[in-house]
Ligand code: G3P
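We begin with a single chain expressed as structure tokens, specifically the form predicted on its own.
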């Protein structure tokens, strides 16, 4: 009898503790607690960001990766913006080109050089797709071979080119290496009609009624169609001055929190640029999310790729996620029209 009691307690106590934790979580930061804040800022809820495109199944920050994200129904196409030696704004995450291209083969003596040491014409000689095929044979496709690094202009073309109307979520990567890059980005987006005026003409009621059903994604028609993000608070200050109406998100991780002097201090820093929060997904606890919401800020966590993680973070009140697998995120939130990715690859001709 005593053994049965012990076994019962061994099983019951963890269950009770987990139940208490989730009750605490619900009280502290319930699901959908930031919905109104997001919508007030003109940002969809929950916001689903295709991190470097669909980087889990296609070469990151390349044409097919972004086309696939757009067709699947991502709210935002997320990209890292750097600037070449001749002033071209491109999409690339790393400081180095080694991980994602064949630079060691094409420019062996310059393999460790950063983007600003190459012209765009030189970067176009690189293959930005074959390494993905080697590293991810389960997703390899012949059409990925020879893919090129794309420009911010080309990313805008992709966002504007389909039935769905995603927004753009742009990060300044190592902005201290590119003085004035914020001004360049704002100028390009203003020229393209994404800042300062609507991205399309308002049609008459008759024209609207004659059209087929509205696209699933309408973020480009929302006030938050562009979001600027950075790990650099100085870069966000520059955006605040250049384009004050465009939402900003301060990216940070646990090391930055400790350097700032704690979680309230990192939020203080974000608020100097009137920015919302973009913490690492490892910090997506309800006691952090509730602090963010209490300041009138929304929070988008990075980078969440598993459905169980998406469920957990949603339960803890997150307002959006960055993910390399936007297909999994859309499926979790009931927005994926077809689970067969091959159908989408055929649609984008890759």
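Positions refer to the first chain, counted from 1. Quantities reported herein were computed from a predicted structural model and do not represent experimental measurements.
Just so you know, the form predicted in complex with the named molecule exists too; it's not on screen, but the next bit is about it.
- Contact annotation for residue 181: none of its heavy atoms lies within 4.5 Å of the named molecule in the predicted bound form.
- In the predicted bound form, residue 288 stays away from the named molecule, with no heavy atom inside 4.5 Å.
- Mapping the unseen interface onto this chain, residue 316 falls outside it, with no heavy atom inside 4.5 Å of the named molecule in the predicted bound form.
- At a distance threshold of 4.5 angstroms between non-hydrogen atoms, residue 266 is out of contact with the named molecule in the predicted bound form.
- Residues with any non-hydrogen atom within 4.5 angstroms of the named molecule in the predicted bound form fall in just one of 147-155, 220-228, 72-80, 116-124: 72-80.
- Looking at 237-253, the one residue that comes within 4.5 Å of the named molecule in the predicted bound form, counting any heavy atom, is 251.
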